[in-house]
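This document opens with one chain alone, in structure tokens, the form predicted alone.
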């Protein structure tokens, strides 16, 4: 086995390299570039791109508005459906959503760059602090939103528009959820998560209280007693364990913790990373952790997944991005043990796998990949504590089509309900739609009764 550095450390690169490595993944378009790209749109009558968008943004309309040099009008078209349109323009897997549906997406031609056009419009509106919405007359109704992630804040904004007062209770000190803590830094430069929240809060009527955790600082029963309605936008608070020996070794950590520490670091040179990193998993978190390990100065980063490339949760674009940044992606490797020396990680023992009769099985052939840093990205779990009275399905909160739970005055959305893909845009759509349903009930337009038995 190779001799690896005895400890993780920061400062592996020259100071200027950190800025270069973590610069914008997709630099924004200027006015001319946006106009040229907008002219490529066919403005299809059936708008397959719009159908592919979870928030159903009128994509042909906002692109036409850009083509007529009306980016603020385009921004309003976007925000009407998705108040987090700026972040979604940066982090949505457009290659598997709207851009995959684009009719220009053929073997001979690339799709219209919808994500970059959306960013062009929304960035301009936020830069000018152009506000499109005002609050309706105050209703005197109060709604508690638990969780200041995309689902919770999208719900809060839509409720505030209709005149309700919203108190957002967030366990962490900073709002933002996944947008603030869980996405790759090179996708979310210039503190975009907090800037977008500040822009959203201009509507008024929304108060965010940080450091407030369900079950510790308040209970669901207390919220139901003190507020007219409750929305639960809870994230995934736990992580899956590998269940193999060596997980407690120094140098073995959860990828979500690694990414959060990186995102919250004021100086990237202080973020510790190994020289030889092994990332376990095949989803977006695994890719983000692997790429950022390489960008922080790791000599070698290997991402290992127990199945083949087609089964990976990360899109083909993300897999190719990782490879282009020097990440080695190896398939059909299942971790069997984290190996250590003197209490520290020194490698990972893998068993080769294969698909046999439709099932993933081990072949019995094993091997070791040397490592001084192991990042586990094998999925997160939802913590069901302190949800007394709520019906659960497959470990998540059961809801109807409008996000209504089994309790008549409680709605939910985002990762805690497991509906659709685990994406920012999906959470926004669920928070927005739940707010519309809550407003109908508070306005007396719908009965206060749950459809979830």
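Positions refer to the first chain, counted from 1. Computed from a predicted structure; not experimentally measured.
The form predicted together with a small molecule exists for this protein as well; it is not shown, and the discussion that follows is about that form.
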Report task. Give a yes or no for residue 213: in the predicted bound form, does one of its heavy atoms lie within 4.5 Å of a heavy atom belonging to the small molecule? Result -> yes
Query raised in the report: Quick one: does residue 288 come within 4.5 Å of the small molecule in the predicted bound form, counting heavy atoms only?
Result: yes
Query raised in the report: Looking in the predicted bound form, any heavy atom of residue 177 within 4.5 Å of the small molecule?
Result: yes
Requested in this report: Answer yes if any heavy atom of residue 246 is within 4.5 Å of a heavy atom of the small molecule in the predicted bound form; otherwise answer no.
Outcome: no
Query raised in the report: Just one stretch in 123 to 131, 150 to 158, 196 to 204, 266 to 274 has heavy atoms within 4.5 Å of the small molecule in the predicted bound form, so which one is it?
Result: 150 to 158
Query - Sole residue of 380, 353, 319, 139 within 4.5 Å of the small molecule in the predicted bound form, by heavy atom - result: 380
Query raised in the report: Pick from 91, 167, 339, 242: which residue has any heavy atom within 4.5 angstroms of the small molecule in the predicted bound form?
Result: 91
Query raised in the report: For this chain shown on its own, do 24, 282 and 325 all sit within 4.5 Å of the small molecule in the predicted bound form, going by heavy atoms?
Result: no
